[in-house]
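In the block that follows, a single chain appears as structure tokens, in the form predicted on its own.
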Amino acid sequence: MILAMGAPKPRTGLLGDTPRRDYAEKLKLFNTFARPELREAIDALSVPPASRVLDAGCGTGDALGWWRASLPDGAVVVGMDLSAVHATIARGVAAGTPVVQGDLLAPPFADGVFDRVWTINALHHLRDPVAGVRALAKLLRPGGRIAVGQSSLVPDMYFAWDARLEARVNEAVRAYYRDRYGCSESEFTAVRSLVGWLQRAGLRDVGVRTRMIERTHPLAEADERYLLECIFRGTWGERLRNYLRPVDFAELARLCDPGDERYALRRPDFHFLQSLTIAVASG
């Protein structure tokens, strides 16, 4: 029996996550954007035949299909997400793959039933990521491995031609999120201790690899859509007006406006970099 009954109800996460929260469109855009690098990371993990794999924080389920294509004979993948909306979408996207709604801190599975656990851009949503690692590690069979991924441990590069503005924008984003969620700077920057989370959780044989998601002009449609909708509009935009000098906000607004001749994503010198770090450890 994989499922365990009577799991505690989840608590609100550091970034406001609850079972009712829905940011499915952003997840879909990111998965399409980062698909080549995520698929490469999945394919690089060694999974024995007849294994059970858990995608913890599966979001809209795109990676479940990539896992199924990568798995050896007899292996299966199961999805889990805190958001009930995301879990429902994932069941449709990855038809035939089991997907449950559940909390990383109290996963609704029996201990020791998975050979691999994969969790990407999820643990930093917890107030206690080490507790999340420990909870997921308990699901591993003897010899099982957990892969924890996080994007942007290294600051992203958007404006290769203007590092000063880029730094001002990054600081404005941090200030906005500090005010919005009532969190300290140390809570947001703690994500960089990804390897430390695994070590403090008592896991063994910790290894890590960082890939760079790199895009240049001309951008594919999916890449431009993600950067425009999720970053230029969804993360920046009007919300940063009070956190930037007027001259800097005006410059940012022009670079983010597809109708402006200076629109960043159509500049011949546009060069984007984002890190994707995958740390793997034994339970």
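Numbers for residues come from their place in the sequence shown, where the first is 1. If you're wondering where the values come from, they're calculated on a predicted model, not measured in any experiment.
Another form exists, predicted together with a small molecule; not displayed. Remarks below refer to it.
Exercise. Honest question, do Leu104, Ile120 and His125 all end up within 4.5 Å of the small molecule in the predicted bound form by heavy atom distance?
Worked result: Checked in the predicted bound form: all three residues contact the small molecule.
Exercise. Which pick from Leu244, Leu27, Ala41, Leu228 sits with a heavy atom within 4.5 Å of the small molecule in the predicted bound form?
Worked result: None of the other options qualify; the answer is Leu27.
For this session: Classify Val169 as contacting or not contacting the small molecule in the predicted bound form by the rule of any non-hydrogen atom within 4.5 angstroms, answering yes or no.
Result: No, Val169 sits far enough from the small molecule in the predicted bound form that none of its heavy atoms falls within 4.5 Å.
Exercise. Is Tyr23 one of the residues lying within 4.5 Å of the small molecule in the predicted bound form, judged by heavy atom distances?
Worked result: Looking in the predicted bound form, residue contacts with the small molecule include Tyr23, since a heavy atom lies within 4.5 Å.
Problem set entry | Ser83: touches the small molecule in the predicted bound form, heavy atom cutoff 4.5 angstroms | Output for Ser83 is yes: heavy atoms within 4.5 Å of the small molecule.
For this session: Could you confirm whether Ser51 comes within 4.5 Å of the small molecule in the predicted bound form, counting heavy atoms only?
Result: No, no contact at 4.5 Å.
Problem set entry | Region of this chain that lies against the small molecule in the predicted bound form, out of 199 to 207, 177 to 185, 68 to 76, 125 to 133 [heavy atom, 4.5 Å] | Result of the contact check: 125 to 133.
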